[in-house]
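A single chain comes next, written as structure tokens; it is the form predicted on its own.
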């Protein structure tokens, strides 16, 4: 593969960062208070929750599936963990570290259930996760009719605390960047990452090659559940309470962020840092609309338009990448034929 081809494919795969720079430049020129340090920190802080959901959705998309339950897991996992450790069994499970472990465990178990139903039982991922989302939302409304507050400072630390040594920035920002770095290493530099991408790219071929594709799919859903639970902890910590409305309507925006970040709907493709860029673009977009004083109803319409554009960009990116690779194959074929013709002539 030539250097120019590698460069074109790299630019295509990282188009999100060019979009991010362009959008930032336009907003910085058009909105006076947009490019200030305070506003940049504010954007990153309010993007942390969506970032976790974008990574969760993108990770499942990489396996060729879809998870519509991530925003419901966001509310259910911390809600049930707090109820169990604070309300129902405070003497036995009242430690805040136990509540954190319960939150992550509930997210993992819900992901395990989704993955088992999709991989082992052959259920459609869209319908399976949609049904789980509706069930979880109903249970959250039943068990948490009112908000639970206040929360233990240890539990709410990553969502509410600030780090003085880093310029008093919210702890949620470095935690989010650390998680994305871990996933960057996991996806690009481990056997699991290669097998996982291969599963999403071609499940049947991966199975024939010896990869346990069912296990990969189940693990993908479990990871999404854990990331959604972390998003729930960030949300609960930020508002110092658990409410039944946490995460409402965030799943489709997370889907848009994953697509904008380079994850393909057809599976087998995606990067952690690309998804981070998609999440930041969503945060900048929402922040710009708020600074401009756009009405809430129009913000919903604008977000819907952004989801449409994300799907359109994904189709454009897949088509353009295919066209570039086909042209490269034709060029190599012509070059090979010319070499053969020259060899025949020399004889």
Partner chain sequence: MKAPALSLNGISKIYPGTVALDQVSFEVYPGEVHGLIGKNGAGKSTLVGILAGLIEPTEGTISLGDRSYHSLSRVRAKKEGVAIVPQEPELILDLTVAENLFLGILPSRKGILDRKTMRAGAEKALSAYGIGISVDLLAGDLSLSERQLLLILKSCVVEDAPIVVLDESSAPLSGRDALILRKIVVDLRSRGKAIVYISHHIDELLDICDRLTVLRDGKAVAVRERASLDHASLSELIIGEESSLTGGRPEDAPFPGEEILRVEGLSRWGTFGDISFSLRRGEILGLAGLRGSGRTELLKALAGIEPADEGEVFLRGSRVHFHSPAEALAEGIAYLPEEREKEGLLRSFSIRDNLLLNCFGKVCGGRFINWETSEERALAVFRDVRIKAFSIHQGVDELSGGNRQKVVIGRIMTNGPEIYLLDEPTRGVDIGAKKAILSTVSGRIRNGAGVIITSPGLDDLIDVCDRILVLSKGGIFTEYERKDFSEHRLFLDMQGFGQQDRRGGRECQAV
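Here the rigid core means the biggest group of C-alpha atoms that line up within 1.5 Å when the two forms are laid on top of each other. Everything quoted here is computed from the prediction, not taken from an experiment. Numbering follows the first chain given and starts at 1.
Unshown form predicted in complex with the partner chain; subsequent notes refer to it.
The partner is absent here, but in the predicted complex a heavy atom of 185, alone among 146, 185, 121, 135, sits within 4.5 Å of the partner chain. In summary, among the residues 89, 97, 181, 189, the only one with a non-hydrogen atom within 4.5 Å of the partner chain in the predicted complex is 189. Each of 209, 325 and 328 is positioned with at least one heavy atom within 4.5 Å of the partner chain in the predicted complex. Proximity of residue 105 to the partner chain in the predicted complex: non-hydrogen atoms within 4.5 Å are absent; the residue sits far from the partner.
For the chain shown alone, residue 334 is not a contact residue for the partner chain in the predicted complex, no non-hydrogen atom being within 4.5 angstroms. Although the partner is absent here, residue 205 sits close enough that one of its heavy atoms falls within 4.5 Å of the partner chain in the predicted complex. Put simply, residue 109 is far from the partner chain in the predicted complex: not one heavy atom of it is within 4.5 Å. The chain is drawn here without the partner chain; in the predicted complex, the stretch among 136-144, 195-203, 237-245, 163-171 whose residues come within 4.5 Å of it by any heavy atom is 195-203. With the core held fixed, the Cα of residue 320 is displaced between the shown form and the other one by 2 Å or more. Residue 9: CA moves 2 Å or more between the shown form and the other one after rigid-core fitting.
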